[in-house]
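The chain below stands alone and is given as structure tokens, in the form predicted alone.
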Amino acid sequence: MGTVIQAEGLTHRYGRHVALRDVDLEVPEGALYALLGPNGAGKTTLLKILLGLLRPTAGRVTLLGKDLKRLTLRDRASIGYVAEDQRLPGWMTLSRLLAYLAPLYPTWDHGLASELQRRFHLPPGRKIRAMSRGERMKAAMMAALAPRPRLLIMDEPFTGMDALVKDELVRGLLELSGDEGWSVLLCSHDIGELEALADWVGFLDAGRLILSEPMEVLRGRFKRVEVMMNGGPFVALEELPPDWLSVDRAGKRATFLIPDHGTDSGQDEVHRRFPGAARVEVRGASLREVFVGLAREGLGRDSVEEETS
């Protein structure tokens, strides 16, 4: 499998602030890749560099098999972009917008545009400024998909949408990307939607890419544990192994994530450390639980770095 995005040693500074730190990223061809990270992790900076809107301080980027600096207009026309704050000309109707865009893209598919308009229930004669936010995002996605892009980059496309509109966009994106074999890089805080959409996931924290792997591999790396004590002493949570994440205690109940090494050793360790437990439940961790655990670990590490710097 080839790669549609490859970044090597990518670093970007805003003055003294380092937004990206030596990022190596590969997005496989045909993947729906979810990029996660807390606010300020560097996600938007990374996307802007990939789109050519920012120049990195160091490192190099290859898109669609070409150095970013050598992309032609035709190459760029095969990259779609949809963003939360994307602006469309409010005075245009949808039909006029599509008529304006079509000649700019050699691969524009009028049949696909019509199918998307029908699927998204968009009125062709309504001016864009009269559309709801959900309708404007559908129009933006429609304009990005009609040229049949080889690569689609999306930055927080689901923010503030109601559940029905979000479901329409997710189903449309899933079906089309699967049918067409498009590659998608999607950045969103809506982790529930990403878990249903993505087959690859990357986690960016404090400008560093700390993991990048198939979704099924990530799901298999952690187990969620819930321990219910039956009286007796409760082990001090600060004494638990450092690779146990998201450790929380509420009364007699403790919850946390443990690494899954494919053996019973982790669960045996839980029973050893909680000998008086009335109940121990272990299950696979969700993407949200893994995200929270990794984010908390990053926040703790950052605070230690600040204290020691």
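Predicted, not measured: the structure shown is a model, and the values here were computed from it. When you see a residue number, it is the position in the sequence shown, counting from 1.
The protein also exists as the form predicted together with a small molecule; that form is not presented, and the subsequent description refers to it.
Chemist: Since exactly one of R224, R150, H189, R208 fits, which has a heavy atom within 4.5 Å of the small molecule in the predicted bound form?
Modeler: Contact check passes for H189.
Chemist: Looking at G65, G40, G52, G284, which has any heavy atom no more than 4.5 Å from the small molecule in the predicted bound form?
Modeler: Contact residue from the list: G40.
Chemist: Just one of 44-52, 270-278, 248-256, 65-73 has heavy atoms within 4.5 Å of the small molecule in the predicted bound form; which?
Modeler: The contacting stretch here is 44-52.
Chemist: Would A19 show up as a contact with the small molecule in the predicted bound form if we use heavy atoms at 4.5 Å?
Modeler: Judged by the heavy-atom cut-off of 4.5 Å, A19 is in contact with the small molecule in the predicted bound form.
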